[in-house]
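First comes one chain, alone, set out as structure tokens in the form predicted on its own.
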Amino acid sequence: MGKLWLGNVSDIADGQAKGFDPNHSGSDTFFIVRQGNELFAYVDICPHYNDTSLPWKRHHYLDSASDYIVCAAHGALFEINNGDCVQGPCKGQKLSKIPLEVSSQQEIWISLTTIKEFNL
């Protein structure tokens, strides 16, 4: 099974997020949020409409306090650790979580199977 290298954990500042475009389509299709040593990855689609990207600007997936993932179009707030919508028009729904691999050298990898499965 092939894998795609996304960078190192240190490439994403603690309390920040970063979007990725593995197929070079011109739009990020998923993003990673870092909290301490933990990484959380989700498909960049708000479940409210199923076709709306979350950030208002590239890599801006979090609210101003970095407590929640926010959909700029709908104002929905999502828990970082599980993707649950806790406020907004999609309350009770959740973001699609993506599995990642982090090597002992702190390299971030995603499998090509995952990219295909999630249509990233």
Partner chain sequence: MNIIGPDKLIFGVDDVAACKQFALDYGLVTKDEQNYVSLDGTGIEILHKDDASLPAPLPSGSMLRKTIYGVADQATVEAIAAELSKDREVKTLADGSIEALDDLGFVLGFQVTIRQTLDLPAETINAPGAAPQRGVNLTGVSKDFTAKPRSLSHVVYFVPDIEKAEAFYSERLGFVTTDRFTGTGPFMRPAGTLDHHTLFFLKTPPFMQGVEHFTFHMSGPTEVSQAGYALVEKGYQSFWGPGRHIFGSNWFWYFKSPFGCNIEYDADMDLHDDSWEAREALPGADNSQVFLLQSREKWAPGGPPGKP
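Everything quoted here is computed from the prediction, not taken from an experiment. Positions refer to the first chain, counted from 1.
The same protein has a further form, the form predicted together with the partner chain, not shown here; the description that follows concerns it.
Peer 1: Would Q87 count as a contact of the partner chain in the model of the complex, using a 4.5 angstroms cut-off between non-hydrogen atoms?
Peer 2: Q87: yes, in contact with the partner chain in the model of the complex.
Peer 1: In the model of the complex, is there a heavy atom of the partner chain that lies within 4.5 Å of any heavy atom of D63, even though the partner is absent here?
Peer 2: Close contact exists here: in the model of the complex, D63 approaches the partner chain to within 4.5 Å, heavy atoms only.
Peer 1: Any of the heavy atoms of I32 lying within 4.5 Å of the partner chain in the model of the complex?
Peer 2: It does not: once the partner chain is placed as it appears in the model of the complex, I32 has no heavy atom within 4.5 Å of it.
Peer 1: Examine H74 and determine whether its closest non-hydrogen atom to the partner chain in the model of the complex is within 4.5 angstroms.
Peer 2: Yes, H74 lies within 4.5 Å of the partner chain in the model of the complex.
Peer 1: Hey, which residues along 103-120 are within 4.5 angstroms of the partner chain in the model of the complex, non-hydrogen atoms only?
Peer 2: Residues within 4.5 Å: none in this stretch.
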